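As structure tokens, one chain now follows by itself in the form predicted on its own.
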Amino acid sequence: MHKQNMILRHKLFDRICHWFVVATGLVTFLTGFAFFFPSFQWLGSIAGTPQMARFVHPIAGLMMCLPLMVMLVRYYHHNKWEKNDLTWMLAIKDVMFENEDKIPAIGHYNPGQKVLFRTFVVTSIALTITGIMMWQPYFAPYFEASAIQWAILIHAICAVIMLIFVIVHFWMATWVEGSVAGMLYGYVSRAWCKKHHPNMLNDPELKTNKQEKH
């Protein structure tokens, strides 16, 4: 497909951050679930030993959450609520069955993705704060036992919520053909935008990027 028919959806820096978060997130979840939930202890084998899993988990967690927060800041302006978002959510049945003539036009991200965005904002902040509070032997001694117990509970709940939304995010990305390729290579076709995110074609930033190429 000709380059002129392709549109930059994800810049290189954002794509690097995204796949770095994926890699570190995988390590974080595997090691975390290994010692948070006894039924998943076998997952700790990724780090070699349970002791190593406990050492790796907080480091991998910070390496996951910090770039994720950078991405959330960079993507904020595309995730503001717009007038068609509620109508889109009420038409979710038509979205699922791809009745495109009944779906209102949306911009860079659809309302489902915006819900994901807000969930990742809340959970990543909560996981970072509670994780630091629990981090032995560096920070935990500065907090009372009751505070640590609450941190453990909140950390576990947020981890499960984030995992559920990560699975939803993966499903949404693979369900819409071209989404994964867009995050790999940065570009999507104009036809893809017109079908899935038509208002994205009116984005002033996109027009600016196009002018810079000429």
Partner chain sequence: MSAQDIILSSGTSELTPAAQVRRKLSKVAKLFDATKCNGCKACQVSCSEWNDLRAPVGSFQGSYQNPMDLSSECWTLMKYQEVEENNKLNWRFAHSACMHCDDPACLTACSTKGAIVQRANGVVDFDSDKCTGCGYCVSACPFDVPRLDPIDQKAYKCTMCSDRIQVGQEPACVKSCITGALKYGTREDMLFIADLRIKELRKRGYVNAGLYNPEGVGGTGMIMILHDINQPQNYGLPADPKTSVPIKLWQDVVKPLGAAGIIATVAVACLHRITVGRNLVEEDEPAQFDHTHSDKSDKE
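Residue numbers count along the first chain shown, from 1. Values in this document were obtained by computation on a predicted structure and should not be read as measured data.
The same protein also has a form predicted in complex with the partner chain, omitted here; what follows describes it.
Visitor: Look up in the predicted complex whether A191 has a non-hydrogen atom within 4.5 angstroms of the partner chain, and give yes or no.
Guide: The answer is yes: A191 has a heavy atom within 4.5 Å of the partner chain.
Visitor: Looking in the predicted complex, any heavy atom of P38 within 4.5 Å of the partner chain?
Guide: P38: contacts the partner chain in the predicted complex.
Visitor: Would K195 count as a contact of the partner chain in the predicted complex, using a 4.5 angstroms cut-off between non-hydrogen atoms?
Guide: K195: yes, in contact with the partner chain in the predicted complex.
Visitor: I'd like to know whether I59 contacts the partner chain in the predicted complex, with contact meaning heavy atoms within 4.5 angstroms.
Guide: Result no; I59 lies far from the partner chain in the predicted complex.
Visitor: Please pick, from V176, M183, M63, I46, the one residue with any non-hydrogen atom lying within 4.5 angstroms of the partner chain in the predicted complex.
Guide: It is V176.
Visitor: Would you mind picking out the stretch of 110-118, 123-131, 140-148, 69-77 that comes within 4.5 angstroms of the partner chain in the predicted complex, counting non-hydrogen atoms?
Guide: Single hit among the candidates: 140-148.
Visitor: Since the partner is left out here, which residues of 57-96 would have a heavy atom within 4.5 Å of the partner chain in the predicted complex?
Guide: Sequence-ordered list has one entry, M96.
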